[in-house]
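Just the one chain here, laid out as structure tokens, in the form predicted on its own.
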Amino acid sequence: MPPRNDARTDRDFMAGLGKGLSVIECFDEENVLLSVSAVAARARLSRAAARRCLLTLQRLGYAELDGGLYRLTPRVLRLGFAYIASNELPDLLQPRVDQLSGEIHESCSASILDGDEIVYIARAATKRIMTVALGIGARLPATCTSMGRVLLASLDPDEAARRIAAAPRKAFTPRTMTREEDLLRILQQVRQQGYCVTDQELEIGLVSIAVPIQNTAGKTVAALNIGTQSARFAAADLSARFLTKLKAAQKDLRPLIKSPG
């Protein structure tokens, strides 16, 4: 679950809206159907509050009952589409992601940072490189992905350290770096070299390299990566093989992404 700020003393905070959104966030690929009690536990709400939120979402068409359990409806996609429709990044990044993927014949993606996760906003897959299907809106942990580490490295070091400390840091493979001190050291290296390579930390056989994407003011707003299989390219060879292409895309995109204000 994404981190939430303590808003109990914020007079402008709408507690009901916050609870409703936290209920929606309870559902994912591993929790498609949930009981009221399960939602209450996952959202850290009382059972009564969880029930009211679910009934409200049901009446608004965002949730439905299925055999006594609740599931989300396709109407929830309106919330995600609102972001896509109101943000220029996906439209600007997708053509360059497609072009890069076509040039190198490897899967390419772009993502943004949301708490301790990355969210895919553009993707071109030439082949299935992961057991989990990835598409627009897919989420992965930031701490063990090349794009996530690039995005974390772009933050103020204290903020990056806070997010790492709060993140679950699950060991997906024997190669996954989970210790805070190791991750902070990696982020410092990423800041210095300007890119990140990961070697089978999210899934055995998956290697990737990522660079930050900046706007015209030099602020990192997204990350761009190339993902491939270790049987095709060793992680140690990724920078020599693909970094020039990634940096060319990085350079092309910067003048297109305007700084707000």
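Quick note: we count residues from 1 along the sequence shown, nothing fancier. This is a predicted model, so every value here is computed, not measured.
One more form of this protein exists, namely the form predicted in complex with the DNA; it is left out here, but the text below deals with it.
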property	result
In the model of the complex, the one of Q192, T216, N31, S46 near the DNA [non-hydrogen atom within 4.5 angstroms]	S46
Answer range among 47-55, 207-215, 220-228, 194-202 for contact with the DNA, defined in the model of the complex as heavy atoms within 4.5 Å	47-55
Non-hydrogen atom contact A240 with the DNA in the model of the complex at 4.5 angstroms	no
Contact flag, K19 vs the DNA in the model of the complex, heavy atom cut 4.5 Å	yes
4.5 Å heavy atom contact, V36 to the DNA in the model of the complex	yes
Contacts with the DNA in the model of the complex - residues in 11-28 whose heavy atoms fall within 4.5 Å	R11, F13, M14, A15, G16, K19
